[in-house]
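One chain is shown next in structure tokens, namely the form predicted alone.
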Amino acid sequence: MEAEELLVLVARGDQKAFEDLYGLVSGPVFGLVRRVVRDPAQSEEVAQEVLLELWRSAAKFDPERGSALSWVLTLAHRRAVDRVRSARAAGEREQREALRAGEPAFDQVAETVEAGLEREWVRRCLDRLTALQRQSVTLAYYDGYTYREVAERLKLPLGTVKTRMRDGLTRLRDCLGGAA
């Protein structure tokens, strides 16, 4: 059966026709919603809302105005765009309220705390390196020197610096493994 015929039956309350229509349109509905909303969980929720709306409003379908699939996908697109706009508006409201209250938004506070904890963890792990490893890693990653520049600055052969860096980075990776 075609989607148009199924919609007519769904409008009369035919549950079997709705099952068939669901099987026909749920994939395209979810795909469209997923492209608009992007978040998988939100997309599933919006797609479910669209299919529920389809059950409730099947009688509104007018075959003179287009195909059944086009009508269903229009419902899906509108609902998905509404969800994106609603989420954006909620985020903007939270930002305005945070600014009005003179407090940073919750996410900003969480990110600041998390960054501070990560910096402390890195510092502790750097302290576990040998002095030579720490010096090489610090020059390369914090001061921005290339391995060759680190070697010149420390007056050491490039191979020695590379070995220190490799060993130091391996120890850092092992130490920070619990932070990931």
Partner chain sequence: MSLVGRLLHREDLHSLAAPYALDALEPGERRRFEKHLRDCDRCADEVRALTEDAVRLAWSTAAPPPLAMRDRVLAAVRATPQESAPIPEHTPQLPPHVWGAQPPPARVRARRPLFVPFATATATAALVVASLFAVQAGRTQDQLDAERAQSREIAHVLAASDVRTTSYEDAQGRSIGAVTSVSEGQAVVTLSGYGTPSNGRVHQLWLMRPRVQPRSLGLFKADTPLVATGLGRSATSLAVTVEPAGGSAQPTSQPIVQLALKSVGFGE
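Numbering follows the first chain given and starts at 1. Here the rigid core means the biggest group of C-alpha atoms that line up within 1.5 Å when the two forms are laid on top of each other. Note that the structure is predicted; figures quoted are calculated from it, not measured.
One more form of this protein should be noted, the form predicted together with its partner chain, which is absent from this view; the next part is about it.
- Although the partner is absent from this view, D39 stays clear of its partner chain in the predicted bound form, with no non-hydrogen atom inside 4.5 angstroms.
- Mapping the unseen interface onto this chain, V122 counts among the residues with a heavy atom inside 4.5 Å of its partner chain in the predicted bound form.
- Its partner chain in the predicted bound form comes within 4.5 Å of no heavy atom belonging to R128.
- Interface membership of A140, defined by any non-hydrogen atom within 4.5 Å of its partner chain in the predicted bound form, is confirmed.
- In the predicted bound form, every residue of the candidate spot (G27, L69 and L73) has a heavy atom lying within 4.5 Å of its partner chain.
- Residues Q15, F18, E19, Y22, S26, G27, P28, F30, G31, L32, R34, R35, E44, E45, A47, Q48, E49, L51 of 14 to 51 are found to place at least one heavy atom within 4.5 Å of its partner chain in the predicted bound form.
- For V25, a C-alpha deviation below 2 angstroms is recorded between this form and the one not shown after rigid-core alignment.
- Once both forms are fitted on their core, a CA shift of 2 Å or more is seen for R166 between this form and the one not shown.
- With a cut-off of 2 Å and the rigid core superposed, T146 has a Cα displacement that reaches or exceeds the cut-off between this form and the one not shown.
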